[in-house]
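Encoded as C-alpha cells, the following chain is the form predicted on its own, with no partner shown.
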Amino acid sequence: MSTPFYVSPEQVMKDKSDYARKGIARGRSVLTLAYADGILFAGENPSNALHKISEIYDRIAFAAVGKYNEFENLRLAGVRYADLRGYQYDRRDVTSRGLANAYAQTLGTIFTESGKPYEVELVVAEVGQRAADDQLYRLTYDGSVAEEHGFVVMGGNSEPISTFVKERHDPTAPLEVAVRLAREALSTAPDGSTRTISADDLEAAVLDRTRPRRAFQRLVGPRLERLLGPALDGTGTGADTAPTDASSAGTGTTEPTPETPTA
C-alpha cells in the first residue's frame, strides 16, 4: 500500500507566494507618485493598446503589473463594481477604499482556494479635493492591502527605483518635475546604470484634482513630449543647445580655422 503524498499548508502557501513573486518580478515596473495637483502614474510600456494604467471611476484610477489577462479581469470587475454602486446609491459612495477591499477579498480567495495564484500587484488611487485627501492602496497577489503615502513602485526593478524616488520625490512639485523624475527613476537599472526611455515607450496618466468630475487623463503625444523636455545628449545637456561662437551669434566675423590634418 503506497503512502499518501502530504504537503504542509505552510509549504503550499510559501510555494504559491514564490511563484507569484517571480511572475510579477519579470514585468516592467510601474510608478505611482503624488505631485502638486494630483497623482501621476508612469510605466514603461511599448504597447499602445495593452494598458497597465486605467480609469475606474470619476476620481479613481488603477495601475497593475504582472500577467495582463489576470489584471485586466480585475480591472473590468472594478469598473462593474463602481458603476453598480454609483447607480444604486450615489456617485460619492464609490471610494478607493471600498474598491480596494473588494479586490482584497477576490485576490485572497483566489490565493487560498485555487491551484495557481494571480501573478499581479495593484495600486488603487483616489484623488481628493486637497492633497491631504489623496488615497493610495497597494494590493498584492495574496489579498494583502497596504495604505501608502507619497509614492508606490511595483514589479520588475522595484527596490532601486524606490530608493531613487525616495531621495528625490517632492509631493508639492509641478507635473513637469514629477514626469521627469518618473522617467529617470524607471530608467535606473539594478547595477546603477541608466538608459533613456522614449516618450513612445512611456505610458503615463494623471488623476488631476483641478479637472471637473472625471479627474483621469492620459498623457500622450506632444503633451507628454513637452513634459519630458528635450532629449539629453551624451554630455548631459539638451541636444538642441544653441551655439555660442561669435559667427553664429552674429557679433562679427571670425578668422577661418585652418584644417587640422588627420592621421
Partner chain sequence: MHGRLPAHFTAPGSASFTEFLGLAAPDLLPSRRQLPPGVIDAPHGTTIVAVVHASGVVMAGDRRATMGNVIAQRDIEKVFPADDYSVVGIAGTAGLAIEMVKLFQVELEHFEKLEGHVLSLDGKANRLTSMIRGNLGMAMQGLAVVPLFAGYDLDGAVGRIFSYDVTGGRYEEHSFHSVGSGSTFARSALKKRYRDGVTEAEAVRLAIDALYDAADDDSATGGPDLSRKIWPVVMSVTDEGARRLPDDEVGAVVQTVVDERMVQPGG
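Remember, it's a predicted structure, so these values are computed and weren't measured experimentally. Numbering follows the first chain given and starts at 1.
The same protein also has a form predicted in complex with its partner chain, omitted here; what follows describes it.
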With the partner left out of view, is residue 131 within 4.5 angstroms of its partner chain in the predicted bound form by any non-hydrogen atom? no
Contact flag, residue 75 vs its partner chain in the predicted bound form, heavy atom cut 4.5 Å: yes
At 4.5 Å between heavy atoms, is residue 173 in contact with its partner chain in the predicted bound form? no
Distance check, residue 62 to its partner chain in the predicted bound form, heavy atom within 4.5 Å: no
Contact assignment for its partner chain in the predicted bound form, among 44, 58, 208, 225, heavy atom within 4.5 Å: 58
Partner-free chain; cross-checking its partner chain in the predicted bound form, the single residue of 165, 177, 102, 145 with a heavy atom within 4.5 Å is 102
Segment assignment from 154-162, 84-92, 122-130, 135-143: heavy atom within 4.5 Å of its partner chain in the predicted bound form: 84-92
